[in-house]
Every structure is written in structure tokens, then in C-alpha cells.
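In the form predicted alone, a lone chain appears below as C-alpha cells.
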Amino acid sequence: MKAVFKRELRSYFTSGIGLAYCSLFIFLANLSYQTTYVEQFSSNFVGIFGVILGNMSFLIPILTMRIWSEEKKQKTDQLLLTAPVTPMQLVMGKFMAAMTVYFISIILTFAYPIITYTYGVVEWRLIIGNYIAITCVAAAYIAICQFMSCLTESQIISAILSLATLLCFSMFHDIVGADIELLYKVASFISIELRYMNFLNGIFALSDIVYFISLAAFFLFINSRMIDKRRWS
């Protein structure tokens, strides 16, 4: 897994995708911080996590669209499938590389609460709780998009499938509406956006953290099963 992780992480920055993701992530976060908090002299920093959550729905599909699609297109997946590693190790190596790129970008945003603290009051427990929660959401998003990338050899199709799936998990409850009660309850249960609202409101809900982690684990598992099936086909 370590070799897969190093190979994948190196490819993120040699291909420029990792640098592009981090640059766009920070640009959008800076823009939000500047217009929402600096110009309005607000110390209520927590709302920026909602903006970051929305941005990730579009940025993570770009980060992950090549994870498996490019391997299939270049036929290099055959080398990985014959390597002396398990399918789960392959999946986890790629997953951890994508998470590392995410960590690089999210850590840079920690400058915002530090800057805000110099001018006002910052609720550090609330900030740390949101950093933990947004990281768990990112893990779920990356796992979902990684699985979508495994379904096609086209990076564009992979990105579109990933975006559609993430928007479904985030906004399905808005699309369904409350007219059909049972369907709305299901949509509300799976809604990442609704679950994340607890953290924005200062409620650290362990059940929501478990949901995000379980969602990531589920998609990583079915990704590994698909890779295993291809190995023996």
C-alpha cells in the first residue's frame, strides 16, 4: 500500500492536478473569507465551513476523476492488478494519496481562525469540531468519487458521475421535498448537507461522524470488491 500511496501522490503533483486542486480550493476559500468575514468585520468564522462543503462537491470530482479512469485508459491497471498487494491495499493507497492532497489544502485554511483570533473572539471548540467533521465528509466524498472513477475509463464521465452523486447526497432532500413523507425521510437521512448543519450550529453529533465514516468505508469496500472481480476476470 505504501508504494501505491507514494506513486499516486507523486502523480498528483507531476500531472498538476494536485497543485490545481489546492490552488483552486484556497482561492475559493480566501474569496469567501475576504467577502464574508474580513469586509464585514465578522468574527463568526464557522459559516465558512458551509462554503467549503459546497466547494468540495465540485472540486473533489476533479481531484479524483483520474484515480482509476486514467489507469484503465493507459492499461496500467493491469500492472496494479498483478502486483503483490490486495485489492483493498490498492484502493486504500489511492484513497490516502487523495486525502493527503485534501489535508494540504485544508490545513492552509487554519490561518483563517488564527487571523480572526487576533481581531476578535474565536470559539476554538466549535472550529476544531468543524475541521474534524469536514474532514470526515471529505473522506466520504473521496471514497464515493474514487468508486465512480472505477466505473469508466473517461475522466470526464467519471467527474460527471461523481458530481451527480455528491449533489444527490447533498441536495436530494431539497429535490424530493416534503410532499412524499417516507421518501423525504430517507432523503433527509442520507443527506450530508443536513447532517453537517448540526456542526455549523455548534452540535457535535457523533452519529453524524459515524455516518460519514461508514459511507466512506462502504464505498471503499465496494471499490475493492470491483477491483478484485476485475483481477480474476
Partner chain sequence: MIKINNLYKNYGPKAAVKGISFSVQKGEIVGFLGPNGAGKSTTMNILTGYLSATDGTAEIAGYDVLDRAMEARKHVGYLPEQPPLYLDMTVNEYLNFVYDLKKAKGSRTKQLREICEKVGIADVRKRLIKNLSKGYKQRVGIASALVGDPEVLILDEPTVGLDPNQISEIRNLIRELGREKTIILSTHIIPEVMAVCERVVIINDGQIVADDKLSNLIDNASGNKLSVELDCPETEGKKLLSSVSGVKEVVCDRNKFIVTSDQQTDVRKKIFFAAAEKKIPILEIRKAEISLERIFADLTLKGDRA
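All of these numbers come straight from a predicted model, not from anything done at the bench. Residue numbers count along the first chain shown, from 1.
What follows is about the form predicted in complex with the partner chain, which we do not show.
- The three marked residues, Thr35, Thr116 and Tyr119, fail to reach the partner chain in the model of the complex, with no heavy atom of any inside 4.5 Å.
- Checked against the partner chain in the model of the complex, the candidates Leu108, Ile132, Leu81, Ile157 yield a single residue with a heavy atom inside 4.5 Å, and that residue is Leu81.
- In the model of the complex, the partner chain sits beyond 4.5 Å of every heavy atom of Thr100.
- Under a 4.5 angstroms non-hydrogen atom cutoff, the partner chain in the model of the complex has Ser11 among its neighbouring residues.
- Within this chain, Val85 lines the site of the partner chain in the model of the complex, having a heavy atom no more than 4.5 Å away.
- Within 4.5 Å of any heavy atom of the partner chain in the model of the complex lies no heavy atom of Arg125.
- Of the candidate stretches 72-80, 158-166, 135-143, 100-108, only 72-80 has residues whose heavy atoms lie within 4.5 Å of the partner chain in the model of the complex.
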